[in-house]
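Just the one chain here, the form predicted on its own, laid out as structure tokens.
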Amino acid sequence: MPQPDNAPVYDIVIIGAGPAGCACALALKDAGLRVAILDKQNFPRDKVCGDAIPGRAIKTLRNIDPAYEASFRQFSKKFATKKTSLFYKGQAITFNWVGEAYTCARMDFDNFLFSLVKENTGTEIFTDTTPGTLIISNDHVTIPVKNSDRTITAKMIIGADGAQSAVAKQLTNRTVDRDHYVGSVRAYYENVADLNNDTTDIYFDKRFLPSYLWVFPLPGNMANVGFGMLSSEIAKRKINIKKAFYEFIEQTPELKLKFKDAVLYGDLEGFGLPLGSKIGVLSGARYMLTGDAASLIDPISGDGIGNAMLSGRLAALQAIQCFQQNNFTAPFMQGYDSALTGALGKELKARYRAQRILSKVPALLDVVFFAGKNKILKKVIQKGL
């Protein structure tokens, strides 16, 4: 298909300006390529999430440019996570974190990354821009813009457009597999009692294992509170997850007391999480998928930000090789697949196995609480945090 005369021509178009897309744009800064990033929303914008920022995200910033890591350390809208407290059957146990981690509202964290892209790269930015039906030809990708007569073309695209990725749906015919997908809800609360700025709280209920409810502290006397379950379990047991969220709080003595004077800020919102327990197609001729679009969420913790940013960086490295070799074929793109699965594959499989074992043998959670009373065993568990 010939390119329209008025179509902007880029080397790379990144679709989605969340953590994966921004990490990719930052990693392409010195590649000498014309890069654009598209997002359907304007920034700052909210993103329904647990608001936990793992150490892998910070390591990725450092690997791209130590100055970006330094900027994050100076960023004030975050808390450092030093501990995690687990609650189950009236018992409580606290583990210290071995690695670094943070809590930070996604509106703030995503805007921080987006600002780094604006201030430090030559990336051309298009917000409030939704791509239409993508057309991949032998020598370029055509990207029509919805509700507009504009068309953008690129030599390759990188899909970083989240769990409901239009890029993944169009180019890989992806559908939701409920056994590898989590339905979740999240709310912000003010004035939650007994919050420690350096401690995240996890509550278990035998009715919902291996799922849990989280309470994560945020600046401004706020807390991110959420709950999620495998979509297959939600469907099989016909669970109303929003109703279950409120029941979890009301029927757990520690939570009922903790939320006695708490005030819901905004609405309880739902979101879906494509788990990395089943990684599908990651790339093809002239495209790669990153972050939630590539289904990289940790099956145990639900974390997606660290893996998303890592995938964004790896996609950028592969893209640079594509232009150096002038090779955008599907077989050559397999270099990205190999790098990504090499970095995350074993970890995600192990976490999925742990999730399945806990769901089949919930008594293992009792073992964890028993082991946590032993200093040596507790240190072993802490290494996994």
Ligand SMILES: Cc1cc2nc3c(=O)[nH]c(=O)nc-3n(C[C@H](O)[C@H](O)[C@H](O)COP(=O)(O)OP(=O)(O)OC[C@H]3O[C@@H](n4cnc5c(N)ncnc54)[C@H](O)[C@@H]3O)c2cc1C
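This is a predicted model, so every value here is computed, not measured. The first residue of the sequence shown is number 1, and the count goes up from there.
We do not show the form predicted in complex with the named molecule, though everything after this point is about it.
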Among 152, 156, 215, 273, which has any heavy atom within 4.5 Å of the named molecule in the predicted complex? 273
Contact at 45, 48 and 130 by the named molecule in the predicted complex, all three, heavy atom at most 4.5 Å: yes
Using a 4.5 Å heavy atom cut-off, which of 89-97, 258-266, 297-305, 172-180 contacts the named molecule in the predicted complex? 297-305
Might residue 58 be said to contact the named molecule in the predicted complex, defining contact as any heavy atom within 4.5 Å? no
Does any heavy atom of residue 161 come within 4.5 Å of a heavy atom of the named molecule in the predicted complex? yes
Although the named molecule is absent from this view, report whether residue 25 comes within 4.5 Å of it in the predicted complex, heavy atoms only. no
Mark residue 335 yes when one of its heavy atoms lies within 4.5 Å of a heavy atom of the named molecule in the predicted complex, and no otherwise. no
For the stretch 51-75, return the residues whose heavy atoms include at least one within 4.5 Å of the named molecule in the predicted complex, in the order they occur. 51, 52, 54
